[in-house]
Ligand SMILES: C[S@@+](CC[C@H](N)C(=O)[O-])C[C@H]1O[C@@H](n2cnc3c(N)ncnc32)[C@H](O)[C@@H]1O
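Single chain ahead, by itself, as structure tokens, in the form predicted alone.
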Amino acid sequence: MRENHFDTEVAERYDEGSAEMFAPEVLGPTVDLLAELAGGRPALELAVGTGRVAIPLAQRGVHVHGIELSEAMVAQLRAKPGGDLIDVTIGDMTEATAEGRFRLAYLVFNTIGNVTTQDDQVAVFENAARHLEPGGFFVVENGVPILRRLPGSERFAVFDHTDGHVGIDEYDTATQLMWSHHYSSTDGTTYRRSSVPFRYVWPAELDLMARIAGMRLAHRWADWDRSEFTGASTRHVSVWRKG
């Protein structure tokens, strides 16, 4: 089982640290698209976390089951209104099994990168496919690696810089590993550091993983609003169909 980087301390601050992801203009199109793809059938969220997406999707009438490695994150989900609507299996999304078959499986907010080897990322796709009914969809939201913006042999890119938080991504282009370093402060002077490892992955590489798992690309958009994906896009929402 993979190492859990989302302990109680991280889980209790997680929603606050990603508050922009709860904005109606972000969450609304996300839930709209997932509800449409589910078509009234059950959905499976891999790495369900604190239920940011699962709870409003369930409130739209979609039965949502989640798989989650961190019990602390699930505790935050359970404490929310509507958290009781979500069935959760505690386990690693590369291998954990949820009962039943689903029309939709999905993985949001760059979380495929939390799986730090190519073999295990393939295993995520294979596990998603095992849970899908024929014709079902697997959706992944992920950032496009920013390597074209790294000058020369530079390894570091600042992605956030405020009085309360400095975020720096570190890239190793030889291994496709990266680390997000966070320096957080409540007083603007004393900073707490935390670092989380990732494996960055290209859209075309994800397409190959999907084919290995018996799925084919159906759609790729630049965002949940189904805007066109181009060479300038900084992230993508990709949909693969089983069978």
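Note that the structure is predicted; figures quoted are calculated from it, not measured. We number the residues from 1 along the sequence you see.
Missing here is the form predicted in complex with the ligand; even so, the following discussion is about that form.
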item: Non-hydrogen atom within 4.5 Å of the ligand in the predicted bound form for each of R52, E68 and G91; value: yes
item: Heavy atom within 4.5 Å of the ligand in the predicted bound form - the one residue of L34, V64, A210, V48 that qualifies; value: V48
item: Position in contact with the ligand when the complex is considered in the predicted bound form, options Q121, N142, Q76, N114, heavy atoms within 4.5 Å; value: N114
item: Proximity to the ligand in the predicted bound form (heavy atom, within 4.5 Å), stretch among 201 to 209, 56 to 64, 40 to 48, 175 to 183; value: 40 to 48
item: V108, heavy atom within 4.5 angstroms of the ligand in the predicted bound form; value: yes
item: W221: touches the ligand in the predicted bound form, heavy atom cutoff 4.5 angstroms; value: no
item: Distance check, F229 to the ligand in the predicted bound form, heavy atom within 4.5 Å; value: no
item: R241, heavy atom within 4.5 angstroms of the ligand in the predicted bound form; value: no
